[in-house]
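First come two forms of one protein chain, each written alone as structure tokens, so that there is a structure 1 and a structure 2.
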Structure 1
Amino acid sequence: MVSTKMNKLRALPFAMFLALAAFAVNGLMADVASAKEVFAEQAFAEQAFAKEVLAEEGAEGEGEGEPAIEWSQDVFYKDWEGNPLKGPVSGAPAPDLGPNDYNNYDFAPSRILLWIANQQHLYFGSFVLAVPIFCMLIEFIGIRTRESDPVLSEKYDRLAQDLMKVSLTAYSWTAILGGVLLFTFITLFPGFFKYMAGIFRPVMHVYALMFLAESGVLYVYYYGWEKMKHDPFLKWIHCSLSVLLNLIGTVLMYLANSWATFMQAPGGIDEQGRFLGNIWHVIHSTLWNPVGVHRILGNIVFGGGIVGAYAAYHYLTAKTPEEKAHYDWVCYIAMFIAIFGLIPLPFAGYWLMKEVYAFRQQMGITLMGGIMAWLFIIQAVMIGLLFFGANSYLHNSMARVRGSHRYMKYCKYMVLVLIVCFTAWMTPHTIVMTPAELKEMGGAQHPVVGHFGVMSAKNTAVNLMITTTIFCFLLYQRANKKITVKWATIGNCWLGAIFVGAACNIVYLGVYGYFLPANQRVGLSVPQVTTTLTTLFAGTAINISMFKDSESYGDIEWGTQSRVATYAIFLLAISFTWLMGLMGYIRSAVRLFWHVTEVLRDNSPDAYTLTIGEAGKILTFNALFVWVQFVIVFWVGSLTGKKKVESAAPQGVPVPAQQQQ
């Protein structure tokens, strides 16, 4: 028992030592772990701090390398709340152009040279854009009539191919004139061109690529004509190529329009002219769509006039009855397309002027009531001549249609309406007079005639002229047809009610406009235009519906077109050429002393508005010059169509020299 206690006492110190040792070891291990944890935390904190410092330094470094983004307000575009839209400044401000930014020749002002180069390019551009539209329509009609009338289908197809051949020569000519225009810009207006190129750089590259695409499709379309002509499936593929060709051409035209509309009504830039990073805003300015529609319709009328004049010339110089009949028929097709574009053209002009007023009211006043007002009077005269020419062609051409005697008695009344409306249409609001004449009359506005110079009278006049032309066109359509449908009487009554009702409504709205303030009077043009369009669509639909199972009074006597109708085609073609140049000049001249309205000032020595006489001389020169070029192009195009004259066979057989000895 005692020994056991003694052993326990001996083991106690050892246990205490082991416990102390274990505690010491545990404490030592805990201190080491704690030290490691503290070290790790400290290291992590140092690394995180270092990263933050590097990030801040990096951010500071980046800020020093690139300038801070500056935002500015658009001069045109607004957000949903009506506040100016903001965009990042992405371009240089418009330069303050000085004498070193302009070059000139001694023989002519730079502005005139640029005007001529631009107008000539526009003339040919319009023609080569219009002809593919004709070819597409004519080829489509030819395909649709292949089974019912193969002979007529072949005529349509040959006509479309002949027009395309002429267009091919004009296409190269247009490209050359485009190069002349580009060099004129670069050499005479380098400062202005540099600013425009800085903004429209991507658009110009896309334009070049689209031009390349159009060239490729054009050559495949023309040179693949014969190979794809006989197979029905390939023929539809070929016709589809014409659709693609017109789509590309329309895109090209709209891209080129964006440069002109930007100059007149800019968008996508701030007040200093700095690009705000959105190229669509620059392209899609407020005048882009109305100018595009107006130009498409104008191209159709212009192209129809040129082709009609080409056919009219060959009709007058034709040697055989077959040749005369062919070109008489081509005249009819060309004039049909031209009138189709002429009827809605004034409405597109209304839309354009409405947008001009919406952009800057002062610009609209300058056009309609300021220094450009007399140019609009001249424009009214030219438009009146166009409608006179179109109606004259229809009246005189009806004489070759058997059965047309039923409607010829109405022609004199239509001419009377046209004369009255034309007189009101061209009446000025104010008259240029001497101070003595002003004093005697009591003001610039005549007490009686002046009432016909306001928009109420002019809108009424032009809508009645268009309605009369539509009525004449419907009579021409049914001239050789004997209507046999049971509802013929009802249909004729409907047609009469539509036209009489339309005329009454147009006159009523015109008179009612005199009792309204000017700002409300403008709104009456909308129902007047709607009334006129109703006569066009409803009248044409009813008229065509009545042709079902109709009998013919006889074939049209092609080749017997009167000379008056033929000269009317020349009148229409030349009038529209001159009018097209006039409208282009008005749109450009309304910017007055600005390259880009209210952004880039024109500081050249030529920054002045021409007098009406000076402008008229340049317009006439442009019209004559382009017609000379068209004659050359048509002559070049006709060279490939001439048959080779086979040389006469020698009468004697060649004798070898050895036998002659």
Structure 2
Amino acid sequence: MVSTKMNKLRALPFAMFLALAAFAVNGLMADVASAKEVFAEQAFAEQAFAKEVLAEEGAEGEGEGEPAIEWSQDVFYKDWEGNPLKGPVSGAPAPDLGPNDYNNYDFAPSRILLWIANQQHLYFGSFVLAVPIFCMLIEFIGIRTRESDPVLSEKYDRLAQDLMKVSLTAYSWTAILGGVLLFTFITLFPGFFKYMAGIFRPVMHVYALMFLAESGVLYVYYYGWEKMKHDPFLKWIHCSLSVLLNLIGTVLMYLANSWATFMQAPGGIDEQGRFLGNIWHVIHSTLWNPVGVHRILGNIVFGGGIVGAYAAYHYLTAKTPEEKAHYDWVCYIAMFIAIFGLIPLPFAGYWLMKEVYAFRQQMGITLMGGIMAWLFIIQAVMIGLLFFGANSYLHNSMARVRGSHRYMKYCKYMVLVLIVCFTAWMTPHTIVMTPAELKEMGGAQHPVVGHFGVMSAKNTAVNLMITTTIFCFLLYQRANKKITVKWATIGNCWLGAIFVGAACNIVYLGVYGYFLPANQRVGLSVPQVTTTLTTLFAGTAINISMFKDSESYGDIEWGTQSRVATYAIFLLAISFTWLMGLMGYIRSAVRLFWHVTEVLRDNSPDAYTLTIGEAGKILTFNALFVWVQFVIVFWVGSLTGKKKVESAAPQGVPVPAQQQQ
């Protein structure tokens, strides 16, 4: 039995190897890739030039009565020589908004109302984008395990279908919230919305049509589940539909992202805000890609958190051991996916911040050193909570696996590393202190902990925290396995060497960063991240390879998850909801008094930056409000299940043993 189970794992090392190879080749091929990029850019510039010449010729050739095409310079894009790219003026300039362009209700500022509407829509949007990713993965695993373990395969399939059922309700809820958001924009900020609609008109229509496609695929995917379940070919088609569903969902998200990234870092318009005829430039502004990647990963963690919290609640209230076992297992799947998304998430964040700095130093400093810096300190606390929650769950889950006693002794050291790293991670550069404390310290910076205030220390800390989490995950994987391969000792040595080597390299690069100019120091984060990801890919590949022909100390006893682990899941879910709101607020509020940075000024009475306390209140309200809605959505989703219970035999009526479950 064990060996058959292990057979299916053979593909995993191979997959991990492929992933590592792809990851490494990507780095090795950097020159080739950059050469291609240069070529593509050149071709693009030539194309733009030709278009410009043609347009000019066209303008000259036309009769005198025809208006000449006006050309203007892009605020962001540059041509091959570094001069601003020119384009034909194709839109109205950004308006100078006055009192008539803003409406308000007496009970709350318009900005707060819009913030709440936006955040609620985004929360639900994230959830309905994440759940299909879950379903795709879980259904795929179910298909792959069908032959080796039909019972487990059925469990996977049922779980994916149950999640989709909840997603269906959440989907219409998201659309309703989207409608609320749209009306809030139109009614409270008509002047601003008119300008945005003027530029993004075609994108908005494509967005609406994509929603139609998403709905169609979603309904076929959900309602066709039972019909396509039994035939292997149809089942693969069904699984492919989930891929299509995710593709459409991703395109939808990217289209919607373009509006936000345009507002923050516009491109494709001139200084007056006039559209220059290239819709791709407007969509593909500088922050579009990093925001997109960051949101995809964030959605996965968020979705994992919500599903995990849902399962954790049912686990705590379960009345039968079977129910407990099932929800314990669902918690495991949800957390597995959430942690999988959590590991690369900080790197996507770094990329985004790097691009923000590159766009405007002013914006970068406002975020990291200026008026938003204290919110970033709060963010650091929340991220720490996420890692603590994830590791606490892993430790507790590992403890209930037979054979884990061999590894549990390492847990306290992992906790120590996490805490020490987190201490460095959240030590602020500027400390709040009284003048007396300042004098005692002898200066604004502490001679010891003051060194933790810069990015070299923070990068090192976060990479070590992630590496520790990966190490913990590997121990969890092998907790119930007795390794029997001949090369077990060598494999363990390799694993040890990889992790110790990685830790040394990360620390070395961190210390080295203090001796380098700031721009080169930023570059050090790349080898640090590479080191961390190498531990993930190489470590997991070696670890899984060692499971071949391994003996089992016993299966995981589902239904014995500790209460601490269960509450850790709640902590993760709530922290992530709050954190999402916080980061969304920071990203949006960094525009300060601009609707569209440096182009369309916010002249409303709400164009001020909230105090930290006020922002915190709204964030907390948003997080609580969305969780109330999630509870309702899950309750609605469970109504179908309840019907089944009601149709069971009434009490007192004898039921034959064969018919009893």
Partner chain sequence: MNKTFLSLIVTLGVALALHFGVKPMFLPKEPTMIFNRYAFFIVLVLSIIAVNLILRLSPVMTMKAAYVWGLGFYFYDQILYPHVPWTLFITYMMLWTIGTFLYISQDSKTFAEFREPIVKTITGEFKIARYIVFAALPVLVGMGTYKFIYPTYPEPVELRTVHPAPPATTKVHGKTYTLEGLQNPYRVDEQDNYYEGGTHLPVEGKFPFLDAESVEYMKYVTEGGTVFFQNCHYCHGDQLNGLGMFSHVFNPTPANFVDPGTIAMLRESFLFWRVSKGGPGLPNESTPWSSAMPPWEEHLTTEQIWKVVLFEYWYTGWHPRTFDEESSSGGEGGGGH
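Rigid core here is just the name for the largest C-alpha set that superposes within 1.5 Å across the two forms. Residue numbering: sequential along structure 1, first residue numbered 1. None of these values were measured; they are calculated from a predicted model.
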item: Form selected (criterion: the form predicted together with its partner chain); value: 2
item: Core superposition between structure 1 and structure 2, C-alpha change of residue 100 at least 2 Å; value: no
item: Yes/no, residue 232 Cα shift of 2 Å or more between structure 1 and structure 2 with rigid core fixed; value: no
item: Core superposition between structure 1 and structure 2, C-alpha change of residue 212 at least 2 Å; value: no
item: Backbone CA shift between structure 1 and structure 2, residue 432, after core fitting (angstrom); value: 2.9
